[in-house]
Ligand SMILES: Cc1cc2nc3c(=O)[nH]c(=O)nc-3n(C[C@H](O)[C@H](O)[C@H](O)COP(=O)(O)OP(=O)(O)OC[C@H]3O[C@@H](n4cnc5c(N)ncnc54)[C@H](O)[C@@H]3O)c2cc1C
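As structure tokens, one chain now follows by itself in the form predicted alone.
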């Protein structure tokens, strides 16, 4: 047992009621912390799941209650001071206080910053037209839900995972979808060319159109409402709504103003502690160590939020820190389940296993004989075994890996 350095009566304040902040509250109580906890969120909702917003929510397969991380009664039963529809304006580290947007000042002994990230916006003409949308929260998803449907045409600016999920949901709802991407392929920043090609082909078979190598110059409209997207070559792609998905910016301004160390996100250590010993930071807003890769990185994922929430709750309650996890992600599009484990830092070759044409395969990324990442499409055994091999660092026989007559159990043995 690690000595608990935080007294049981300490006042804990968590800024940000997203997946990371909401999970930290739950783990703190689960691990036995009985002291006062204040959870502050700028949305009107208790902590909820965001991944379904681009899929089940748009398709009407999920409602607000089904997305909640915990029932509303949880916060009452667990004596959590849940403050919604209010943000944080400033942190006074010397006084250990947070000034809120409603003018109230909250004292803390331990502060946890879980302010997440916001959508990167395109600073181009027409960006304020009605129908130019982003997708980061429930309010964004509700606007998008009302903008697409049968007979509508949706433009998706940015061919990343969220953009492709939105395009797929648009097709499921009867809308035409066109993806506009400035790079030569979709998923250019996050997937290998083989996976990019597969997803583009699959989407095209479902009726999605693509404009690649296409810069966006402006959104054009009529009477304040979007009617199209003007590309840098002068063409106008007609649409009824446009979703901009071109990356995210960490909400680290309040931490920077308070003098905490930043580097494209709040810099934290292996326990999610910032440069101030009394302040932790978790989730999308952090730049954190990745021990398995011996480097710092910013991750945007639910598993990362959960891992860091556990780290903080462990540090506060004196529990032994959990072992470092392999970063992992997922994406659902049509009948495709994409699961990714690891990050292909310094990979020097790939091995493809399975049948791409049957939409059941995995792309393994190796650095020498060591597996550093796997991208698995409808291939759970490859994902699970790959995740384990990345975590334990055992050398991999590439010939066995490529031969799907050899089970993944044998490959991993």
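Numbering follows the first chain given and starts at 1. In this text, all values refer to a predicted model and were calculated from it rather than measured experimentally.
The next section is about a form of this same protein that is not shown, the form predicted in complex with the ligand.
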Query raised in the report: Within 4.5 Å of the ligand in the model of the complex, do we find a heavy atom from each of 20, 162 and 254?
Result: yes
Query - Any non-hydrogen atom of residue 55 within 4.5 angstroms of the ligand in the model of the complex - result: yes
Requested in this report: Classify residue 28 as contacting or not contacting the ligand in the model of the complex by the rule of any non-hydrogen atom within 4.5 angstroms, answering yes or no.
Outcome: no
Query raised in the report: Closest heavy atom of residue 360 to the ligand in the model of the complex, within 4.5 Å or not?
Result: no
Query raised in the report: Going by a heavy atom distance of 4.5 Å, is residue 50 a contact of the ligand in the model of the complex?
Result: yes
Report summary line: Heavy atom within 4.5 Å of the ligand in the model of the complex, from candidates 228, 327, 289, 87, belongs to 87
Report task. Could you check which residue among 111, 268, 316, 305 gets a heavy atom within 4.5 Å of the ligand in the model of the complex? Result -> 305
Query - Contact stretch among 212-220, 129-137, 231-239, 187-195 - heavy atom within 4.5 Å of the ligand in the model of the complex - result: 129-137
Requested in this report: Taking only heavy atoms into account, state which residues of 31-48 are within 4.5 Å of the ligand in the model of the complex, ordered by sequence.
Outcome: 40, 41, 42, 43
